[in-house]
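Single chain ahead, written as structure tokens, the form predicted alone.
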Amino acid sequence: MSIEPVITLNNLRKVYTVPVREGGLRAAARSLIARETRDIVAVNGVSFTVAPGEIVGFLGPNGAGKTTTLKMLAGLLHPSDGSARVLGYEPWQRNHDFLRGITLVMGNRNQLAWDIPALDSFDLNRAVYRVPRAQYMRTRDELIEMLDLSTLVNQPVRNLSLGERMKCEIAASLLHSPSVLFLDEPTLGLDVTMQRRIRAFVRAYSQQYGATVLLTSHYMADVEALCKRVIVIHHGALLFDGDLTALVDRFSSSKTISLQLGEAVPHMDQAAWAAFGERIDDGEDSLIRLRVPKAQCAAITGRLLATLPISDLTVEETPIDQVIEEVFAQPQTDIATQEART
């Protein structure tokens, strides 16, 4: 028996028509009579599905179309073409049951009233979503405990740090117990400790409530910690959809060899190391790091061990953030060719 997807996109497309003109008074006057426009394609025929309970990373550079896609899935924007279903509903119809089942958290947006305690904003959300008071109190207290908010919710929001406010924002977004979470940069601007706490909470919430999560983030630690599957878009088009490890295997062309020499080797200058690979360490300590082609890694490792007095050696995959940079650096035609080969 197949499981019905919670989120389905089929050739979803969003095009913005924007005015254009040259600078100067003459151009301004001319635009009053004959206004020129051009089309900007923000999302270009994206299709994918997300199963119940999945936490999926939705990756791409700035301007790739991630936030536009999330806004369409949350019902804030109408698409120019294509279709989407979330929890069985067409999002932009904004059905009441659909809105009760989803939430959109944006790291750069503030929904809490600035001058009153977060608890008062929580109660306003209860009224907006018409959550029964007993259910609201139970959910509110669970979220306060899970996010460690007991000392924060009675303070005016203006007195909270960015990380503290973000935790309160997340709690406010979940008071109606949504089963689908659209998280757009939820850890943006937070320190490492707070990022770790937010990640732990998202994982715990998904496990406890069976929630489906579509997450955008520029912090690869978020993606590695939460997402087994990633979807990558660029210029509004889908580039990759699959396991995070498969992304590394498909697009990473190099590995890193880290080695420690048992004794000094006077003749090994930068040019000598180039015979093995690209040296990428800063040269200030005894650990030597070489970037080598993945296909030649085994042979180069053998040559190093046979040639040099090595006391320790490790081979590492390319870091995820570097892989993503390599994906975006490739022309789309090259990526399409690589996809066709695999």
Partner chain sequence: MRDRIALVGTYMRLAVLNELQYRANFWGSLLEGFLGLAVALGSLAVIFGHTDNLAGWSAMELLALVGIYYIMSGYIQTFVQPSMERLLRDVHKGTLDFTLTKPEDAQLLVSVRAFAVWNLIYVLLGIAVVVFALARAGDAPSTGQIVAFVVTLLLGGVIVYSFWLMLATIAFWYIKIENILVIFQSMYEAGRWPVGIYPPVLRLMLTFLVPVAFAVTVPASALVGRVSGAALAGTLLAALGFFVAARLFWRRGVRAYAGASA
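Please read these numbers as outputs of a predicted model, since none were measured by experiment. Residue numbers count along the first chain shown, from 1.
Below, we turn to the form predicted together with its partner chain, even though it does not appear here.
Asks: Do A264 and its partner chain come within 4.5 Å of each other in the predicted complex, heavy atoms counted?
Replies: A264 lies outside the contact set for its partner chain.
Asks: Taking its partner chain as it sits in the predicted complex, is A271 in contact with it (heavy atom to heavy atom, 4.5 Å or less)?
Replies: No.
Asks: Is R250 near its partner chain? Define near as a heavy atom within 4.5 Å, in the predicted complex.
Replies: It does not: once its partner chain is placed as it appears in the predicted complex, R250 has no heavy atom within 4.5 Å of it.
Asks: Any chance C168 has a heavy atom within 4.5 Å of its partner chain in the predicted complex?
Replies: Flag for C168 set to no.
Asks: Hey, of 216-224, 75-83, 234-242, 193-201, which bit sits against its partner chain in the predicted complex at 4.5 Å between non-hydrogen atoms?
Replies: Result for this chain: 75-83.
Asks: Have a look at A246, A113, L162, M137 for me and say which one sits with a heavy atom within 4.5 Å of its partner chain in the predicted complex.
Replies: Flagged contact: A113.
Asks: Could you check which residue among L259, A211, L104, L152 gets a heavy atom within 4.5 Å of its partner chain in the predicted complex?
Replies: When its partner chain is considered in the predicted complex, the option within 4.5 Å is L104.
Asks: Whether K228, Q296 and V315 jointly form a contact site for its partner chain in the predicted complex is the question; each needs a heavy atom within 4.5 Å.
Replies: Not a single listed residue reaches its partner chain in the predicted complex, so no.
Asks: For 77-109: residues with a non-hydrogen atom within 4.5 angstroms of its partner chain in the predicted complex?
Replies: Residues within 4.5 Å: L77, H78, R94, H96, L99, R100, L104, M106, R109.
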